[in-house]
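Shown below, as structure tokens, is a lone chain in the form predicted alone; questions about how it binds or moves come after it.
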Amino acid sequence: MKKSFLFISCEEAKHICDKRQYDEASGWERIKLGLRLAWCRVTRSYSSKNNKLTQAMKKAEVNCLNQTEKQNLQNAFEQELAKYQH
């Protein structure tokens, strides 16, 4: 069975939905997600819950780490990641 470039799996749709939540999805990915949302009840439900989560996070205005702490965490993550890439 040939994979269609236009129709995506439910798993891929969920991944794109997550990317869209953080404004990281491309225009083409959004089009494919829109087609999937038009006919897939499971993906629509996931997308709806994702949108509710996004709105709740925006309302909460959560600010846990200051910029220095974020940078330290990012540096530590990159150092650990570098250990496994060689």
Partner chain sequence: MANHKIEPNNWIKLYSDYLFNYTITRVSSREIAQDLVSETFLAGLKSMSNFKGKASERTWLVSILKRKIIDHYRKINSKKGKAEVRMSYNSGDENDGDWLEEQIADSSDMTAQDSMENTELGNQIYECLSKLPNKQAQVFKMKTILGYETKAICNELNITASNLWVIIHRARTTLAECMEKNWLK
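For clarity, a rigid core is taken as the largest C-alpha set superposing within 1.5 Å between two forms. Bear in mind the structure is a predicted one, so any value in this text is a computation, not a measurement. Residue numbers count along the first chain shown, from 1.
What comes next is about the form predicted in complex with the partner chain, which does not appear here.
Engineer: Note which of 38, 53, 42, 31 lies within 4.5 Å of the partner chain in the model of the complex, where distance is taken over heavy atoms; exactly one does.
Structural biologist: None of the others qualify; the residue that does is 53.
Engineer: How about residue 66 - does it come within 4.5 Å of the partner chain in the model of the complex, if we only consider non-hydrogen atoms?
Structural biologist: Yes, residue 66 lies within 4.5 Å of the partner chain in the model of the complex.
Engineer: Does any heavy atom of residue 9 come within 4.5 Å of a heavy atom of the partner chain in the model of the complex?
Structural biologist: No, residue 9 stays farther than 4.5 Å from the partner chain in the model of the complex.
Engineer: With the partner chain taken in the model of the complex, which residues across 59 to 74 come within 4.5 angstroms through any non-hydrogen atom?
Structural biologist: 59, 60, 61, 62, 63, 64, 65, 66, 67, 69, 70, 73, 74 sit within 4.5 Å of the partner.
Engineer: Would you say residue 69 moves its Cα by 2 Å or more between this form and the one not shown, aligning on the core?
Structural biologist: Yes, its C-alpha moves 2 Å or more.
Engineer: Please determine whether the C-alpha atom of residue 78 is displaced by 2 Å or more between this form and the one not shown following superposition on the rigid core.
Structural biologist: The answer is yes; the displacement is at least 2 Å.
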